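Included below are structure tokens for two forms of one protein chain, each presented in isolation as structure 1 and structure 2.
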Structure 1
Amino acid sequence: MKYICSVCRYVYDEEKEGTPFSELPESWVCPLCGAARSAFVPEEGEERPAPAVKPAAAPVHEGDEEMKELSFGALAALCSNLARGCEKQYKAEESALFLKLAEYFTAASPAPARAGLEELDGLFSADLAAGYPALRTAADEEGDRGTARICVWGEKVTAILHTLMQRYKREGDAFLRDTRIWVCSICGFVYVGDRPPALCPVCKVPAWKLEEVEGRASK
């Protein structure tokens, strides 16, 4: 039987590997992207479940279609994503302008409340189980290819963040000791290891697009 990583599409073939997937240790991770064993799905069961609740359409009033007040934090995230999109299309000038806007809105936004591990676990689980399926369904119904593309990258990045957090909950600080952390500057994929993968498992940009994150000095 074969199992497929939901993040990078790596295939674990039990026949070739010689070890049943169910017998792999809990600490085993995807050799390509570092996702936890829980991120793998059986090849036959790859179909994604439909969302339990169809998102209700927001009321539209004449003259204010798509108008919504955004927080400084949301504007910072929006501009940051637009900057990455421009960079992906080799539009350096536009990318730099969006980054400046993102920095401005980031500085203007209040400091977010610090979330605990259990709260983060719940948020990741909700996004993967209901949020992304609902968004994907709405995008398909509207023929919105841009939003559908966001689901492709966003869901995979969320999945890897979730598995990394689960590993941290299980292993504690030892998980990050004597290792390095890399973040893809295009899609946000996070990799924990001495060297980044040759290609980002999510957006397929080369390794030099993955930037190392410096840890905070211990007090």
Structure 2
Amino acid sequence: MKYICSVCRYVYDEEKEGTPFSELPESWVCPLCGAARSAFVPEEGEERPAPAVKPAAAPVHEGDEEMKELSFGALAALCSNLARGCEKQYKAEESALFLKLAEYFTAASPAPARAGLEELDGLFSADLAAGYPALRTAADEEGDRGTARICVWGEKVTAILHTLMQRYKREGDAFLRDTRIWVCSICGFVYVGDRPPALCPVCKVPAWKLEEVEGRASK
């Protein structure tokens, strides 16, 4: 029996590996992308894996949902995205100005009332359970494949972040000690290991697009 990673398509072949999938420890992660064991689905009759937390209810679109204003934090991301758009067009001055606006919105964004690793992981679970399914449904209904693509990448990256938070909760600093952490500069995929994979498991860009996260500057 074969099991496929829903993030990167890595194949776990029980015959070759020698250990039945069901006997792998809960702490086992995908050797290619680091996704949790629960992200794997059997090869036959493959389906989208059920989200870890069930969506509360099917999203309703009766015009009763009001379009939310973007928060300062979201406007910061909107501006830093436009800065990238200018950079790609070799518009250095415009890029710097958008970055200035992004920095303003980041600094002016109110600090969260409650912050903790549990709360942070809770936000990832909420996106996986409700945020992405709602967006994907709307995108499919409109035939909006650009937004559907956002859901494919975003869901995978969020699943990885969720796995990392779970691992930290279980193993603490140990799994990060003496190793490096990488972030894909295109899709936000996070990889823990000495060398990044040859291709980003989520968006498939080459390894040089993955950037290492520097440690805290020593005092």
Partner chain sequence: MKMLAVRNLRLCTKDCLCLYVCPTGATDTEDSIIDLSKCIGCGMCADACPSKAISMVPEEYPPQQKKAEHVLTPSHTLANNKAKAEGMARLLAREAESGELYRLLKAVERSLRLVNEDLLRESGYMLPQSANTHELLASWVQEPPAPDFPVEAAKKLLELLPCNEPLEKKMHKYRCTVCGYIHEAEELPPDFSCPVCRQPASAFERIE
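What we label the rigid core is the largest C-alpha set whose atoms superpose within 1.5 Å from one form to the other. Predicted model only: the values in this text are computed from it and were never measured. Residues are numbered by position in structure 1's sequence, first residue being 1.
Shown second, as structure 2, is the form predicted in complex with its partner chain. Core-superposed comparison between the two structures: the Cα of Leu135 travels less than 2 Å. Once the cores line up, the CA of Glu93 ends up 2 angstroms or more apart between the two structures. After superposition on the rigid core, the Cα of Gly116 moves by less than 2 Å between the two structures. Superposed on the core, the two forms differ at Glu103, whose C-alpha moves 4.8 Å between the two structures.
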